[in-house]
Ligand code: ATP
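Below sits a lone chain in C-alpha coordinates, taken as the form predicted alone.
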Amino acid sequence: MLKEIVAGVVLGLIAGLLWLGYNVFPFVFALGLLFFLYKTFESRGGIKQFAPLNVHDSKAGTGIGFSDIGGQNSAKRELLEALDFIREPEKINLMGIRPLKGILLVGPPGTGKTLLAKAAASHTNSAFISAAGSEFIEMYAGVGAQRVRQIFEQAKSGARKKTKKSAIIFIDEIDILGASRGRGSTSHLEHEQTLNQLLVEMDGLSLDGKICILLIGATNRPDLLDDALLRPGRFDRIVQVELPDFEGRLQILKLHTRNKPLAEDVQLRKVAADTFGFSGAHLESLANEAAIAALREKSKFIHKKHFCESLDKVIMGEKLDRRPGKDECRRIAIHEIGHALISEHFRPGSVSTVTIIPRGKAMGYIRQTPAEDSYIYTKDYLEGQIAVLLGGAISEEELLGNRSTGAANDFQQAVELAKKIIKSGMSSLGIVSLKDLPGDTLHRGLQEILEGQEKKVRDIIKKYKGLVKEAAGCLVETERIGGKYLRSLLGTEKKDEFKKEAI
(Lines give C-alpha, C1' and ligand atoms only; values in the text may rest on other atoms or scores of the structure.)
Protein backbone atom coordinates (compact mmCIF):
# COMPACT_ATOMS: atom_id res chain seq x y z
CA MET A 1 0.00 0.00 0.00
CA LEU A 2 2.81 2.41 0.89
CA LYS A 3 4.53 1.77 -2.44
CA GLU A 4 1.34 2.64 -4.35
CA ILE A 5 0.92 5.92 -2.41
CA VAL A 6 4.54 6.94 -3.05
CA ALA A 7 4.22 6.07 -6.75
CA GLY A 8 1.03 8.15 -7.00
CA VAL A 9 2.64 11.15 -5.29
CA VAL A 10 5.68 10.98 -7.60
CA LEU A 11 3.52 10.73 -10.73
CA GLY A 12 1.37 13.61 -9.51
CA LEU A 13 4.47 15.72 -8.87
CA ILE A 14 5.82 15.00 -12.35
CA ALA A 15 2.44 15.87 -13.93
CA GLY A 16 2.33 19.13 -11.98
CA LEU A 17 5.85 20.12 -13.07
CA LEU A 18 4.98 19.36 -16.69
CA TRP A 19 1.82 21.48 -16.44
CA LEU A 20 3.89 24.37 -15.07
CA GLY A 21 6.28 24.04 -18.03
CA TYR A 22 9.35 22.68 -16.20
CA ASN A 23 11.87 20.32 -17.80
CA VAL A 24 11.30 17.13 -15.78
CA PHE A 25 13.92 14.98 -17.55
CA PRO A 26 16.70 15.57 -14.93
CA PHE A 27 14.22 14.82 -12.16
CA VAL A 28 12.99 11.61 -13.79
CA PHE A 29 16.58 10.53 -14.54
CA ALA A 30 17.62 11.07 -10.90
CA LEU A 31 14.61 9.09 -9.65
CA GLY A 32 15.38 6.25 -12.06
CA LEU A 33 19.02 6.14 -10.96
CA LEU A 34 18.04 6.07 -7.27
CA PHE A 35 15.53 3.28 -7.94
CA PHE A 36 18.17 1.24 -9.81
CA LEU A 37 20.69 1.62 -6.96
CA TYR A 38 18.01 0.71 -4.42
CA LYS A 39 17.11 -2.52 -6.22
CA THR A 40 20.75 -3.48 -6.74
CA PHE A 41 21.61 -2.89 -3.09
CA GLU A 42 18.50 -4.77 -1.92
CA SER A 43 19.19 -7.81 -4.14
CA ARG A 44 22.65 -8.18 -2.59
CA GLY A 45 21.29 -8.23 0.94
CA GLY A 46 22.50 -4.72 1.89
CA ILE A 47 19.16 -3.40 3.11
CA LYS A 48 17.11 -6.57 3.03
CA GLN A 49 15.79 -7.42 6.46
CA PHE A 50 16.85 -10.66 8.12
CA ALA A 51 14.21 -13.21 7.14
CA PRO A 52 12.27 -14.28 10.25
CA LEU A 53 13.34 -17.68 11.55
CA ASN A 54 10.78 -20.23 12.63
CA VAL A 55 10.23 -20.32 16.38
CA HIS A 56 9.01 -23.83 17.22
CA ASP A 57 6.85 -24.78 20.17
CA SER A 58 9.01 -27.38 21.93
CA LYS A 59 6.04 -29.71 22.53
CA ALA A 60 4.57 -29.63 19.04
CA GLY A 61 7.40 -28.20 17.01
CA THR A 62 10.65 -30.02 17.58
CA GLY A 63 9.03 -33.34 18.45
CA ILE A 64 12.40 -34.68 19.61
CA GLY A 65 13.23 -35.96 23.09
CA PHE A 66 16.43 -37.37 24.55
CA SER A 67 14.84 -40.82 24.42
CA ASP A 68 14.74 -40.48 20.63
CA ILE A 69 18.53 -40.11 20.42
CA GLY A 70 20.55 -43.30 20.55
CA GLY A 71 24.01 -43.45 22.06
CA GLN A 72 25.73 -40.25 23.19
CA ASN A 73 25.06 -41.07 26.84
CA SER A 74 27.97 -38.96 28.03
CA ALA A 75 26.91 -35.95 25.95
CA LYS A 76 23.30 -36.31 27.11
CA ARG A 77 24.31 -36.45 30.79
CA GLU A 78 26.42 -33.32 30.51
CA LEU A 79 23.73 -31.50 28.57
CA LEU A 80 20.98 -32.51 30.98
CA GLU A 81 23.01 -31.16 33.90
CA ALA A 82 23.41 -27.84 32.12
CA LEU A 83 19.68 -27.69 31.32
CA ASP A 84 18.80 -27.91 35.01
CA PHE A 85 19.74 -24.24 35.18
CA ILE A 86 16.68 -23.53 33.03
CA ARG A 87 14.29 -26.08 34.54
CA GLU A 88 15.01 -25.31 38.21
CA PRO A 89 16.10 -21.64 38.43
CA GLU A 90 14.97 -21.23 42.07
CA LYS A 91 17.13 -24.13 43.22
CA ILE A 92 20.09 -22.77 41.26
CA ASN A 93 19.65 -19.27 42.71
CA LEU A 94 19.68 -20.63 46.27
CA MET A 95 23.17 -22.00 45.62
CA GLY A 96 24.32 -18.69 44.18
CA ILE A 97 25.11 -20.29 40.83
CA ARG A 98 25.35 -18.12 37.72
CA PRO A 99 23.14 -19.46 34.90
CA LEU A 100 25.00 -20.85 31.91
CA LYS A 101 24.87 -18.68 28.80
CA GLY A 102 26.17 -20.99 26.11
CA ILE A 103 26.82 -24.65 25.35
CA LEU A 104 29.05 -25.69 22.47
CA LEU A 105 28.45 -29.10 20.88
CA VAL A 106 31.61 -30.39 19.20
CA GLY A 107 31.84 -33.52 17.09
CA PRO A 108 32.02 -35.04 13.60
CA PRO A 109 29.16 -34.53 11.11
CA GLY A 110 26.12 -36.74 11.56
CA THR A 111 26.59 -37.47 15.25
CA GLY A 112 23.32 -35.82 16.37
CA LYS A 113 24.27 -32.29 17.46
CA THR A 114 21.12 -30.75 15.97
CA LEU A 115 18.94 -33.47 17.51
CA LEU A 116 20.49 -32.81 20.93
CA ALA A 117 19.67 -29.11 20.63
CA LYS A 118 16.06 -29.87 19.71
CA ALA A 119 15.79 -32.37 22.54
CA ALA A 120 17.11 -29.70 24.92
CA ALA A 121 14.25 -27.40 23.89
CA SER A 122 11.69 -30.15 24.48
CA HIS A 123 13.26 -31.09 27.83
CA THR A 124 13.11 -27.52 29.12
CA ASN A 125 9.79 -26.57 27.46
CA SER A 126 11.57 -23.69 25.72
CA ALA A 127 10.91 -21.80 22.52
CA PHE A 128 13.36 -23.05 19.90
CA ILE A 129 14.91 -20.95 17.17
CA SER A 130 17.64 -22.17 14.83
CA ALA A 131 19.90 -20.71 12.17
CA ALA A 132 23.07 -21.58 10.28
CA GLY A 133 26.28 -19.63 10.75
CA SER A 134 26.37 -18.71 7.08
CA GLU A 135 23.06 -16.80 7.41
CA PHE A 136 24.80 -14.07 9.42
CA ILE A 137 27.64 -13.29 7.02
CA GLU A 138 27.12 -10.76 4.22
CA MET A 139 29.43 -8.62 2.09
CA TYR A 140 28.09 -5.37 3.55
CA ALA A 141 29.27 -4.29 7.00
CA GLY A 142 26.60 -4.12 9.66
CA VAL A 143 24.12 -6.58 8.15
CA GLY A 144 25.43 -9.59 10.09
CA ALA A 145 25.43 -7.63 13.36
CA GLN A 146 21.84 -6.61 12.72
CA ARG A 147 20.90 -10.24 12.14
CA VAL A 148 22.55 -11.30 15.42
CA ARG A 149 20.52 -8.67 17.31
CA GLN A 150 17.35 -9.81 15.56
CA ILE A 151 17.73 -13.49 16.37
CA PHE A 152 18.11 -12.73 20.09
CA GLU A 153 15.11 -10.37 19.98
CA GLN A 154 13.14 -12.97 18.06
CA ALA A 155 13.95 -15.60 20.69
CA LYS A 156 12.60 -13.32 23.43
CA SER A 157 9.46 -12.36 21.52
CA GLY A 158 8.87 -15.99 20.53
CA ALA A 159 9.07 -17.10 24.17
CA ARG A 160 6.65 -14.34 25.24
CA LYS A 161 4.23 -15.27 22.47
CA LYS A 162 4.28 -18.91 23.54
CA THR A 163 4.11 -17.87 27.23
CA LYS A 164 7.34 -19.67 27.97
CA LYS A 165 9.97 -18.67 30.49
CA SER A 166 12.96 -19.71 28.37
CA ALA A 167 14.22 -19.86 24.81
CA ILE A 168 17.01 -21.81 23.16
CA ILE A 169 18.89 -20.39 20.19
CA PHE A 170 20.69 -22.99 18.11
CA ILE A 171 23.38 -21.91 15.63
CA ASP A 172 24.71 -24.71 13.46
CA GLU A 173 28.20 -24.46 11.91
CA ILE A 174 28.98 -21.63 14.31
CA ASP A 175 32.63 -21.68 13.18
CA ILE A 176 31.54 -19.65 10.11
CA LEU A 177 30.18 -16.91 12.36
CA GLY A 178 32.69 -17.21 15.20
CA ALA A 179 35.97 -17.80 13.35
CA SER A 180 39.09 -16.26 14.89
CA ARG A 181 39.64 -12.62 14.08
CA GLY A 182 42.81 -11.69 12.23
CA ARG A 183 43.16 -15.09 10.54
CA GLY A 184 43.63 -15.00 6.77
CA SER A 185 40.80 -13.96 4.50
CA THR A 186 38.23 -14.02 7.31
CA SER A 187 39.70 -10.85 8.78
CA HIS A 188 37.34 -8.24 7.33
CA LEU A 189 35.07 -5.60 8.80
CA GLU A 190 31.76 -7.40 8.34
CA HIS A 191 32.94 -10.61 10.00
CA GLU A 192 34.47 -8.79 12.97
CA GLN A 193 31.38 -6.64 13.52
CA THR A 194 29.15 -9.72 13.41
CA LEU A 195 31.31 -11.62 15.88
CA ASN A 196 31.60 -8.60 18.18
CA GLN A 197 27.81 -8.29 18.22
CA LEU A 198 27.46 -11.95 19.16
CA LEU A 199 29.90 -11.45 22.04
CA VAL A 200 27.93 -8.40 23.22
CA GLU A 201 24.61 -10.28 23.06
CA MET A 202 26.02 -13.20 25.04
CA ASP A 203 27.41 -10.82 27.68
CA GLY A 204 23.97 -9.26 28.05
CA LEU A 205 21.97 -12.46 28.43
CA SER A 206 21.86 -12.32 32.23
CA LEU A 207 20.38 -8.79 32.18
CA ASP A 208 16.95 -10.02 31.08
CA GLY A 209 15.53 -11.60 34.20
CA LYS A 210 12.11 -12.45 32.76
CA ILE A 211 13.15 -14.84 29.99
CA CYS A 212 16.16 -17.13 30.23
CA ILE A 213 17.99 -17.54 26.92
CA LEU A 214 20.52 -20.29 26.27
CA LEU A 215 22.69 -20.27 23.17
CA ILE A 216 23.70 -23.69 21.79
CA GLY A 217 26.32 -23.76 19.07
CA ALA A 218 27.46 -26.73 16.99
CA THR A 219 30.68 -27.23 15.06
CA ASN A 220 33.08 -29.89 13.85
CA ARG A 221 35.95 -27.38 13.71
CA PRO A 222 36.39 -25.93 17.23
CA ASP A 223 40.00 -25.01 16.39
CA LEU A 224 38.68 -22.22 14.13
CA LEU A 225 36.67 -20.45 16.86
CA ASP A 226 37.80 -17.16 18.37
CA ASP A 227 39.20 -17.40 21.91
CA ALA A 228 36.88 -14.63 23.12
CA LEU A 229 33.90 -16.77 22.19
CA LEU A 230 35.16 -19.82 24.04
CA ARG A 231 36.01 -18.19 27.34
CA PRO A 232 33.87 -18.92 30.46
CA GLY A 233 30.91 -16.59 30.69
CA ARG A 234 30.05 -17.10 27.04
CA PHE A 235 30.31 -20.73 26.05
CA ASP A 236 30.50 -22.17 29.55
CA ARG A 237 30.30 -25.82 28.53
CA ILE A 238 31.94 -27.64 25.63
CA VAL A 239 30.18 -30.98 25.10
CA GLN A 240 31.92 -33.60 22.98
CA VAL A 241 29.52 -35.45 20.66
CA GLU A 242 31.62 -38.32 19.35
CA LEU A 243 30.99 -41.25 17.04
CA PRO A 244 28.96 -43.92 18.89
CA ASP A 245 30.59 -47.01 20.37
CA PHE A 246 29.20 -50.53 19.92
CA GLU A 247 26.40 -50.15 22.48
CA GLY A 248 25.57 -46.72 21.09
CA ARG A 249 25.36 -48.08 17.54
CA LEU A 250 23.13 -50.92 18.70
CA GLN A 251 20.82 -48.47 20.46
CA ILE A 252 20.66 -46.22 17.35
CA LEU A 253 19.89 -49.21 15.11
CA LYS A 254 17.06 -50.27 17.44
CA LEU A 255 15.61 -46.75 17.27
CA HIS A 256 15.77 -46.60 13.48
CA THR A 257 14.33 -50.10 12.97
CA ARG A 258 11.53 -49.96 15.54
CA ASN A 259 9.02 -49.07 12.79
CA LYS A 260 10.45 -51.54 10.25
CA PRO A 261 9.45 -55.20 9.80
CA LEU A 262 12.64 -57.14 10.49
CA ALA A 263 13.00 -60.80 9.56
CA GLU A 264 14.14 -63.36 12.13
CA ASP A 265 17.57 -63.72 10.51
CA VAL A 266 18.49 -60.07 11.21
CA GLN A 267 20.87 -59.72 14.15
CA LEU A 268 21.27 -56.06 15.04
CA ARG A 269 24.24 -56.84 17.29
CA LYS A 270 26.05 -58.27 14.27
CA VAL A 271 25.17 -55.21 12.21
CA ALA A 272 26.41 -52.93 15.01
CA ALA A 273 29.68 -54.86 15.13
CA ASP A 274 30.13 -54.43 11.35
CA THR A 275 29.60 -50.65 11.48
CA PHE A 276 32.57 -49.42 13.53
CA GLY A 277 33.18 -45.76 12.73
CA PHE A 278 29.61 -45.11 11.56
CA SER A 279 27.83 -41.97 12.75
CA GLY A 280 24.17 -41.84 13.69
CA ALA A 281 23.37 -40.43 10.24
CA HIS A 282 25.17 -43.36 8.60
CA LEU A 283 23.21 -45.85 10.69
CA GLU A 284 19.90 -44.17 9.86
CA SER A 285 20.82 -44.33 6.17
CA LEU A 286 21.81 -47.99 6.57
CA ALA A 287 18.42 -48.95 8.03
CA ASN A 288 16.62 -46.89 5.40
CA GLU A 289 18.57 -48.41 2.48
CA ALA A 290 17.88 -51.91 3.82
CA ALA A 291 14.15 -51.15 3.82
CA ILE A 292 14.41 -49.80 0.27
CA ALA A 293 16.23 -52.97 -0.84
CA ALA A 294 13.46 -55.09 0.68
CA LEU A 295 10.78 -52.97 -1.01
CA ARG A 296 12.58 -53.30 -4.34
CA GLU A 297 12.36 -57.10 -4.02
CA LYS A 298 8.71 -56.86 -2.90
CA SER A 299 9.60 -58.57 0.36
CA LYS A 300 7.31 -58.17 3.35
CA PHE A 301 10.27 -58.27 5.74
CA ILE A 302 13.77 -56.82 5.83
CA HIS A 303 16.23 -59.71 5.76
CA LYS A 304 19.88 -60.13 6.57
CA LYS A 305 20.83 -59.91 2.88
CA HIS A 306 19.17 -56.50 2.62
CA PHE A 307 21.32 -55.17 5.45
CA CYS A 308 24.36 -56.66 3.71
CA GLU A 309 23.44 -54.85 0.50
CA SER A 310 22.76 -51.55 2.26
CA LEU A 311 26.01 -51.80 4.25
CA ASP A 312 27.99 -52.12 1.04
CA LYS A 313 26.06 -49.23 -0.48
CA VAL A 314 26.60 -46.87 2.46
CA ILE A 315 30.34 -47.65 2.59
CA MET A 316 31.18 -47.82 -1.11
CA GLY A 317 28.25 -46.32 -3.01
CA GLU A 318 25.77 -47.67 -5.54
CA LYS A 319 26.57 -50.55 -7.89
CA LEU A 320 28.07 -49.53 -11.22
CA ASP A 321 26.75 -50.62 -14.59
CA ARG A 322 30.16 -51.26 -16.05
CA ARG A 323 31.58 -54.76 -15.79
CA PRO A 324 35.22 -55.71 -16.43
CA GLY A 325 36.19 -58.34 -19.00
CA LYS A 326 36.92 -61.96 -18.14
CA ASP A 327 40.69 -61.55 -17.71
CA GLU A 328 40.36 -58.31 -15.78
CA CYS A 329 37.67 -59.85 -13.59
CA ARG A 330 39.99 -62.73 -12.72
CA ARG A 331 42.79 -60.29 -11.84
CA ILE A 332 40.47 -58.34 -9.55
CA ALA A 333 39.35 -61.56 -7.87
CA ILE A 334 42.94 -62.65 -7.25
CA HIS A 335 43.72 -59.17 -5.90
CA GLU A 336 40.82 -59.20 -3.43
CA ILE A 337 41.46 -62.78 -2.30
CA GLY A 338 45.06 -61.72 -1.60
CA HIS A 339 43.78 -59.00 0.73
CA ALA A 340 41.37 -61.39 2.42
CA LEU A 341 43.92 -64.17 2.90
CA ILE A 342 46.42 -61.87 4.61
CA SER A 343 43.65 -60.42 6.79
CA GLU A 344 42.66 -63.93 7.94
CA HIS A 345 46.31 -64.80 8.58
CA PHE A 346 46.95 -61.87 10.93
CA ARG A 347 43.49 -61.80 12.52
CA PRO A 348 41.46 -65.00 12.06
CA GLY A 349 37.74 -64.39 11.60
CA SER A 350 38.21 -60.80 10.47
CA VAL A 351 36.89 -61.09 6.89
CA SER A 352 33.16 -60.54 6.55
CA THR A 353 32.69 -60.28 2.77
CA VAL A 354 34.78 -60.39 -0.41
CA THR A 355 33.21 -59.06 -3.60
CA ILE A 356 34.15 -57.99 -7.12
CA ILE A 357 30.93 -56.06 -7.72
CA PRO A 358 32.04 -52.55 -8.77
CA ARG A 359 30.89 -49.78 -6.42
CA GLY A 360 31.95 -46.15 -6.41
CA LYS A 361 35.58 -46.01 -7.52
CA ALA A 362 36.35 -49.57 -6.40
CA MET A 363 36.20 -52.56 -8.75
CA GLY A 364 36.16 -54.88 -5.77
CA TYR A 365 36.79 -54.84 -2.02
CA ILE A 366 36.80 -56.81 1.20
CA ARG A 367 34.90 -55.83 4.30
CA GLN A 368 36.53 -56.56 7.63
CA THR A 369 34.72 -56.94 10.94
CA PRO A 370 36.57 -55.30 13.84
CA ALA A 371 37.04 -57.59 16.82
CA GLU A 372 36.19 -54.69 19.12
CA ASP A 373 36.07 -50.91 18.98
CA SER A 374 39.68 -49.66 19.06
CA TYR A 375 40.91 -46.11 19.45
CA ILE A 376 44.64 -46.74 19.86
CA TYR A 377 46.76 -49.12 17.82
CA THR A 378 49.91 -51.12 18.47
CA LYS A 379 52.82 -51.56 16.09
CA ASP A 380 51.79 -55.16 15.40
CA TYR A 381 48.28 -54.07 14.43
CA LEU A 382 49.52 -51.33 12.09
CA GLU A 383 52.04 -53.67 10.47
CA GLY A 384 49.24 -56.22 9.99
CA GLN A 385 47.09 -53.62 8.25
CA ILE A 386 50.02 -52.70 5.99
CA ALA A 387 50.40 -56.38 5.12
CA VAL A 388 46.70 -56.61 4.23
CA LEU A 389 47.04 -53.60 1.94
CA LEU A 390 50.06 -55.14 0.18
CA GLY A 391 48.38 -58.53 -0.16
CA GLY A 392 46.42 -57.64 -3.29
CA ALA A 393 49.37 -56.50 -5.41
CA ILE A 394 51.64 -59.35 -4.30
CA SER A 395 48.88 -61.88 -4.98
CA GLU A 396 48.64 -60.52 -8.55
CA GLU A 397 52.41 -60.70 -8.96
CA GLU A 398 52.73 -64.25 -7.66
CA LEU A 399 49.83 -65.73 -9.65
CA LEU A 400 49.80 -63.55 -12.78
CA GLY A 401 53.44 -62.51 -13.04
CA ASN A 402 52.92 -58.73 -12.71
CA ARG A 403 51.08 -56.01 -10.84
CA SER A 404 48.43 -53.51 -11.99
CA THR A 405 47.39 -49.93 -11.26
CA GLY A 406 44.59 -51.28 -9.06
CA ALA A 407 47.00 -51.33 -6.12
CA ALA A 408 47.85 -47.59 -6.28
CA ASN A 409 45.42 -46.60 -3.53
CA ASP A 410 46.52 -49.59 -1.40
CA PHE A 411 50.13 -48.42 -1.57
CA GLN A 412 49.16 -44.87 -0.63
CA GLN A 413 47.32 -46.09 2.47
CA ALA A 414 50.21 -48.39 3.37
CA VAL A 415 52.65 -45.47 3.24
CA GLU A 416 50.39 -43.40 5.51
CA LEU A 417 50.26 -46.23 8.05
CA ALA A 418 54.06 -46.57 7.88
CA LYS A 419 54.34 -42.83 8.56
CA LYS A 420 52.07 -43.28 11.58
CA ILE A 421 54.45 -45.96 12.92
CA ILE A 422 57.41 -43.59 12.53
CA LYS A 423 55.51 -40.61 13.96
CA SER A 424 54.52 -42.65 17.02
CA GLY A 425 58.13 -43.59 17.74
CA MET A 426 57.60 -47.29 17.00
CA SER A 427 60.13 -47.63 14.17
CA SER A 428 63.89 -48.28 14.24
CA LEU A 429 64.38 -44.50 14.00
CA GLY A 430 63.11 -44.12 17.56
CA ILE A 431 61.34 -40.99 18.72
CA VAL A 432 61.51 -38.42 15.92
CA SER A 433 59.69 -35.36 14.64
CA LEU A 434 58.18 -36.31 11.31
CA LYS A 435 58.20 -32.78 9.93
CA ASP A 436 61.85 -32.24 10.90
CA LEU A 437 63.04 -35.60 9.59
CA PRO A 438 65.28 -35.36 6.48
CA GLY A 439 63.59 -36.69 3.36
CA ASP A 440 66.12 -39.44 2.69
CA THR A 441 65.96 -40.65 6.31
CA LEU A 442 62.17 -40.76 6.18
CA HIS A 443 62.30 -42.65 2.89
CA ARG A 444 64.65 -45.27 4.33
CA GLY A 445 62.43 -45.68 7.39
CA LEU A 446 59.34 -46.16 5.25
CA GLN A 447 61.14 -48.55 2.93
CA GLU A 448 62.32 -50.67 5.86
CA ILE A 449 58.78 -51.04 7.22
CA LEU A 450 57.17 -51.75 3.83
CA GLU A 451 59.82 -54.19 2.64
CA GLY A 452 59.61 -56.14 5.90
CA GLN A 453 55.85 -56.62 5.47
CA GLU A 454 56.18 -57.33 1.76
CA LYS A 455 58.48 -60.27 2.49
CA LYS A 456 56.03 -61.72 5.02
CA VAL A 457 53.11 -61.36 2.62
CA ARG A 458 54.98 -62.95 -0.26
CA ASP A 459 55.81 -66.01 1.84
CA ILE A 460 52.15 -66.41 2.83
CA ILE A 461 50.85 -66.03 -0.73
CA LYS A 462 53.35 -68.59 -2.05
CA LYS A 463 52.22 -71.05 0.63
CA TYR A 464 48.54 -70.68 -0.26
CA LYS A 465 48.65 -70.29 -4.06
CA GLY A 466 46.20 -73.13 -4.60
CA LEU A 467 43.75 -71.65 -2.11
CA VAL A 468 43.94 -68.23 -3.82
CA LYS A 469 43.20 -69.83 -7.22
CA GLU A 470 40.21 -71.78 -5.90
CA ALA A 471 38.73 -68.86 -3.97
CA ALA A 472 39.29 -66.48 -6.90
CA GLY A 473 37.53 -68.93 -9.24
CA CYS A 474 34.52 -69.07 -6.92
CA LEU A 475 34.53 -65.30 -6.59
CA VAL A 476 34.49 -64.84 -10.37
CA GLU A 477 31.53 -67.22 -10.54
CA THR A 478 29.42 -65.80 -7.70
CA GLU A 479 30.77 -62.19 -7.54
CA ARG A 480 30.62 -62.39 -3.74
CA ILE A 481 31.81 -64.85 -1.12
CA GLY A 482 31.56 -64.78 2.64
CA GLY A 483 34.42 -64.85 5.08
CA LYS A 484 33.20 -68.23 6.34
CA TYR A 485 33.75 -69.79 2.92
CA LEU A 486 37.30 -68.46 2.82
CA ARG A 487 37.92 -69.89 6.28
CA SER A 488 36.50 -73.21 5.08
CA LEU A 489 39.31 -73.38 2.51
CA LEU A 490 41.75 -72.76 5.33
CA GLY A 491 40.22 -75.71 7.18
CA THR A 492 38.45 -73.82 9.96
CA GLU A 493 34.88 -73.96 8.60
CA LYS A 494 32.70 -76.43 6.68
CA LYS A 495 33.16 -75.55 3.03
CA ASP A 496 29.82 -76.25 1.30
CA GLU A 497 27.68 -74.66 3.97
CA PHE A 498 29.22 -71.22 3.63
CA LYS A 499 30.26 -71.01 -0.03
CA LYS A 500 27.85 -68.22 -1.02
CA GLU A 501 27.19 -66.66 2.35
CA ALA A 502 27.90 -62.93 2.35
CA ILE A 503 28.04 -62.16 6.02
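What you see is a predicted model; the values in this text were computed from it and never measured. In this text, residue numbers run from 1 along the sequence as written.
Separately, the form predicted together with adenosine-5'-triphosphate (ATP) exists; it is not shown, and the next lines address it.
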Exercise. Heavy atoms within 4.5 Å of adenosine-5'-triphosphate (ATP) in the model of the complex: which stretch among 255 to 263, 124 to 132, 413 to 421, 343 to 351?
Worked result: 255 to 263
Problem set entry | adenosine-5'-triphosphate (ATP) in the model of the complex reached by all of 115, 281 and 284, non-hydrogen atom within 4.5 Å | yes
Problem set entry | Residue contact check: residue 289 to adenosine-5'-triphosphate (ATP) in the model of the complex, 4.5 Å heavy atom | no
Exercise. Does residue 108 make contact with adenosine-5'-triphosphate (ATP) in the model of the complex, using a 4.5 Å heavy atom cut-off?
Worked result: yes
Problem set entry | Exercise: residue 68 in contact with adenosine-5'-triphosphate (ATP) in the model of the complex, heavy atom 4.5 Å | yes
For this session: Spell out, yes or no, whether the shortest heavy atom distance between residue 172 and adenosine-5'-triphosphate (ATP) in the model of the complex is within 4.5 Å.
Result: yes
Seminar exercise, completed: The listed residue (72, 355, 275, 194) that reaches within 4.5 Å of adenosine-5'-triphosphate (ATP) in the model of the complex by any heavy atom is 72
